[in-house]
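Read the single chain below, which is given as structure tokens and is the form predicted on its own.
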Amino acid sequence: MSLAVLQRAKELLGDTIKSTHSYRGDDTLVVDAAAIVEVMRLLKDEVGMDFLVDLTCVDYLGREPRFEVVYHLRSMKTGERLRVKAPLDEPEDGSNPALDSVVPLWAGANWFEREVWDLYGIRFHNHPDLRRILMYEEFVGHPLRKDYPKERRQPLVRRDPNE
């Protein structure tokens, strides 16, 4: 990424940036998860990162914060790329971590967010249709969490085909 683009992102985002990393041409912004929609809007509209390439999650079991939702952005005009990470703590009450949906900015985020919900249990507030996308509806748990027991058996419950 050019220094001008990285500098522009820093100017616009200010305190919402927790840290930056660069390795072999891959630049990363670690941002405050509570501000993810505003961060992504500014990166899209003001910095030119107009294409959401991918959105995924990483589970760092045993580390705080445990989860990072990772967004891969690209400028279609310049070809520059940017990785944005939003760290999420696991709530003390045992509920699933959550952050706001970026579907209003990129319609393609719909299925990415559903996949992250399905496999990691990260909820996306204001998502238009947050439901399982890979696992069947009766599946219990989120299988890509590092504490999910690999020996766990899940019965496939046949639903009435007339539903």
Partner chain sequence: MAEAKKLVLGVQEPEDQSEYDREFSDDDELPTEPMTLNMGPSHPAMHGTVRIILTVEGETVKSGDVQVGYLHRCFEKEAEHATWTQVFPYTDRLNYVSPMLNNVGYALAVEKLLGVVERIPERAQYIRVIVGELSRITDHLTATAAGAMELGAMTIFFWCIKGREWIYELLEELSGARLTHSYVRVGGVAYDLTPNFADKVQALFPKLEKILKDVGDTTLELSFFRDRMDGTGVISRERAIQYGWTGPALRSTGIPYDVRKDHPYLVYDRFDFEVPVGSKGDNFDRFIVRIEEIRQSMKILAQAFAQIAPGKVVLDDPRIILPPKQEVYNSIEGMIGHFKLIVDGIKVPPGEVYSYTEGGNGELGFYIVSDGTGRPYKCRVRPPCFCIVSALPELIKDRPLADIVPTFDMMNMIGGECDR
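Everything quoted here is computed from the prediction, not taken from an experiment. Positions refer to the first chain, counted from 1. Only the largest set of C-alpha atoms that superpose within 1.5 Å between the two forms is called the rigid core.
Heads up, the form predicted together with the partner chain isn't pictured, but that's what we're talking about next.
Under a 4.5 angstroms non-hydrogen atom cutoff, the partner chain in the predicted bound form lacks Ile17 among its neighbouring residues.
In the predicted bound form, the partner chain sits within 4.5 Å of a heavy atom of Asp54.
Although the partner is absent from this view, Ala34 stays clear of the partner chain in the predicted bound form, with no non-hydrogen atom inside 4.5 angstroms. When contacts are judged by a 4.5 Å heavy atom cut-off, His125 does not count as touching the partner chain in the predicted bound form. For the candidate set Leu130, Leu105, Leu42, Leu99, a heavy atom within 4.5 Å of the partner chain in the predicted bound form is found for exactly one residue, namely Leu105. Although the partner chain is not shown here, in the predicted bound form the stretch 104 to 140 places heavy atoms of Leu105, Trp106, Ala107, Gly108, Trp111, Phe112, Glu115, Leu119, Tyr120, Arg131, Ile133, Leu134, Met135 within 4.5 Å of it, in sequence order. The Cα shift for Gly141 between the shown form and the other one, taken after rigid core superposition, is smaller than 2 angstroms. Superposed on the core, the two forms differ at Arg152: its CA moves 2 Å or more between the shown form and the other one.
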